[in-house]
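Presented as structure tokens, the chain that follows is alone, the form predicted on its own.
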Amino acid sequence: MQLRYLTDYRITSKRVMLRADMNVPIKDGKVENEERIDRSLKTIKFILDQGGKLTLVTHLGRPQESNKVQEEFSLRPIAECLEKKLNRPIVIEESLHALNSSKAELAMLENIRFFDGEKRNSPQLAKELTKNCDLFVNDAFATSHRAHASTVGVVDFVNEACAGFLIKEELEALENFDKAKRPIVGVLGGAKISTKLSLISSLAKKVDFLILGGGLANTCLGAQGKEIGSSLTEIGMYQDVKAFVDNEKILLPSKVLVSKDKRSEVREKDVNDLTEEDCIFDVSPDFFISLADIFNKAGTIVWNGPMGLFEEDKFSYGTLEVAKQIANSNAYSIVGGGDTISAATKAGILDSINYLSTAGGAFLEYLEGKSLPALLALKKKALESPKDGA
């Protein structure tokens, strides 16, 4: 089954609902990182330029599905940012009734996760969302692994549905991974290995080297019987991890940065010399420097997840060193995930990355070979509707 894209449909005078992913960091009422907003612009501008009447749907954070606006998670800062980029007003609608009766050429529904039924893919919510919709466009690749009302359910209640330009771009970049130039180096970080266990097993078969950091590495070190003190770990996963932790492709940190707590002095220690009082907060940059030859000879590098508590400057050195090694390599590089984008931004290497994916979970599940529910829904709809949208 093949996806259909915006260029397969006539847009003029149609009421178009665009599911975008503008789940961006906001601080003091201002958008801190505009990457996901910028990556949505091509699809938004195309719809407007083609004469479509556009409704934007996105989520922000994890509010309660209470059918009430929660100011902390309001989309107003995003709308203000987008208004400046488009140089045109955006009407924010806070209810489905207001949305369905809206006359605005460009409207934005308040945070879709305010609405009861979004996460459980409620048919009632999906039907209400599409009551005034001629064409549904999904361009939220980052949420395509979630079967939500606004990503999957809505497709059942529209005559026409397709993918936007960002999804097309994401898929083209990730599909190249299976025919990637070798050696392939994977770098995975993050807190919980339980969420990435099957991914690690899958990638270990596809890559030549798989470097682990963060809580993932801590759990592996603990499973090997090493003392890791009070470091973030998942003891309940030790037995599962033992199945692959000795795989010669998997590289674990030999040196880490430890401290008694976030406020105490930071020290570099060998992983064999840790005590009960130590807490691992970062991977030592020296470990990644020792792997410089692997990075330099790589044909392809895939990176997802920070190597430590990179939000704190004194625990960001391992993550920054990974970014530096990737930037200095001649390999084709693919970086994905919100935290990873933030880390790459902090390191100032965005211009050195070949492809920056807006997705985290969907990015990883696609690499693992899993089917993504939102894409499956679009492919199914493509078999039902005429290509020209007539």
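Because the structure is a prediction, the values reported are computed rather than measured. In case it trips you up, residue 1 is the first one in the sequence shown, and so on.
The following text describes the form predicted in complex with 3-phosphoglyceric acid, which does not appear among the structures shown.
In the model of the complex, residue 168 stays away from 3-phosphoglyceric acid, with no heavy atom inside 4.5 Å. Under a 4.5 angstroms non-hydrogen atom cutoff, 3-phosphoglyceric acid in the model of the complex has residue 113 among its neighbouring residues.
Proximity of residue 196 to 3-phosphoglyceric acid in the model of the complex: non-hydrogen atoms within 4.5 Å are absent; the residue sits far from the partner.
Taking the partner from elsewhere, residue 138 is found to have every heavy atom lying beyond 4.5 Å of 3-phosphoglyceric acid in the model of the complex. Taken together, the three residues 10, 134 and 164 lack any non-hydrogen atom within 4.5 angstroms of 3-phosphoglyceric acid in the model of the complex.
Segments offered: 55 to 63, 327 to 335, 348 to 356, 37 to 45. Contacting 3-phosphoglyceric acid in the model of the complex at heavy atom distances within 4.5 Å is 55 to 63. In the model of the complex, the residues of 140 to 175 lying within 4.5 Å of 3-phosphoglyceric acid by at least one heavy atom are, in order, 142, 143, 145, 146.
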